[in-house]
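First, one chain by itself in C-alpha cells, the form predicted on its own.
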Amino acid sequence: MDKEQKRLEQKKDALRKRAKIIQAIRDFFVENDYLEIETPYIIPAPAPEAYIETVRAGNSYLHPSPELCMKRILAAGYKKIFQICKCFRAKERGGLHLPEFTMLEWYSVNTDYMDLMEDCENLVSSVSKKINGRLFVPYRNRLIDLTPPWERLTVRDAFSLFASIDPETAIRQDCFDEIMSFKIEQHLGIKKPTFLYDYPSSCASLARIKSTDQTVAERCELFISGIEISNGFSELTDPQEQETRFRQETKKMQGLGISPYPTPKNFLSALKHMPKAAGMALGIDRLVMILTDKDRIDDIVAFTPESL
C-alpha cells in the first residue's frame, strides 16, 4: 500500500460518518417540508464583504455563499428552501479553514433569528441522535450536551463577561474581531452549545436592524467548544438600505487594496419582492469535526489542497 492509499484508508471511518451526517441533515429538512434547491457556483457578482476574499473564475467569481441566489428564489414565492453545496474563499487555510468547503444554508419566510436558533438546536440534536445514538458527544476531552435548549448570550453580555471593553468601543478602536477571536470565542459552547446574538448594527452584513434597539442587528452565531459553527440572521429586505451597505463595504475593500466587485443588481432588484424571512449558513465540515471528535478539518475531508 503506497502513501496515498494509506492516507485515504485511514480516513475511511470518518468519511463514512461524514456521508451519514450529510444524509441525516438532508432527511431533517425534507421531513420538515423544505425544498432542496441548487444554485450556480459561478456568479457574476458576489456580495461585497471586506474580510471575505472571493476566488475569480474568468470574468466571474466562485460563490463564497449561495445566499444571493437563494434569496432571489425566496423573493419568487418559495417558502422553505435549503441547499448543501461547496463554497470558495481565497486565502483561507488552517485547522478550521479550507479554501473550498461544504456549506448548508436554509431560509424560511415569516421567521426571524430566534426561530433560526430553535431550528439549529433541533437540526444538530436530531443529527447527533441519528448518527451517534446520543445527545452527549465527546470533543477535545470534553463532553458536550446537545440537548435543547442551548445557551443564549448577547454580544454585549459576552464582552462584559470576557473582555475589558464594551463592543462599541472595540468597534471604534478597530479591534472588535480581534477581541472576539482571542478573548471571547474560546469561552463559548464549552458544556452546551452557545448562541451569540444581537451583534452591533455595524456588523449587520445582510441582517435586519432590531426594531426595539437600533444599535444591534438581528444576527446570531452558534459556537460549540469555542468553534463557530453557523451564522444566521433575520433578513434585510430593503433594497435601498442593502445597496447602501454594499457601498460602505466596497469602500472598506478598496481601503484594504481589494478590487471592488460588480454590483449584484439582480439580487437588489429581487429584494423588493422578498417577504419577511430568516436564513442561516452552517459549516458542515466543522459540524462533522464535532460529531466525529476530530481536531482538524483535514481529518474529515478526503483531499486537502496540499494532497492534490
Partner chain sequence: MYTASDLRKGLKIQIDNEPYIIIDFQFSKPGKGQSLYRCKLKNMISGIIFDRTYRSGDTFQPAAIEERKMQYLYSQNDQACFMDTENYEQVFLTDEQLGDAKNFLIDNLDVSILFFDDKPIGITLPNFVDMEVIKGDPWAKGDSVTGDTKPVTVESGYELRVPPFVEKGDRITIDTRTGQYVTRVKG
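This one's a predicted model, so the numbers in the text were calculated from it and none came from an experiment. Numbering follows the first chain given and starts at 1.
Just so you know, the form predicted together with the partner chain exists too; it's not on screen, but the next bit is about it.
- In summary, the region of this chain contacting the partner chain in the predicted bound form, judged by heavy atoms within 4.5 Å and restricted to 152-160, 214-222, 111-119, 78-86, corresponds to 214-222.
- Residue in contact with the partner chain in the predicted bound form (any heavy atom within 4.5 Å), chosen from I52, I37, A57, L268: I52.
- Checking I227, L104, M180, L236 for any heavy atom within 4.5 Å of the partner chain in the predicted bound form turns up a single hit: M180.
- Contact annotation for G94: at least one heavy atom lies within 4.5 Å of the partner chain in the predicted bound form.
- Using a 4.5 Å cutoff between non-hydrogen atoms, T194 does not count as a contact of the partner chain in the predicted bound form.
- A residue is said to contact a partner when one of its heavy atoms sits within 4.5 Å of a partner heavy atom; N231 meets this definition for the partner chain in the predicted bound form.
- The partner chain is not drawn, but in the predicted bound form it has no heavy atom within 4.5 Å of D198.
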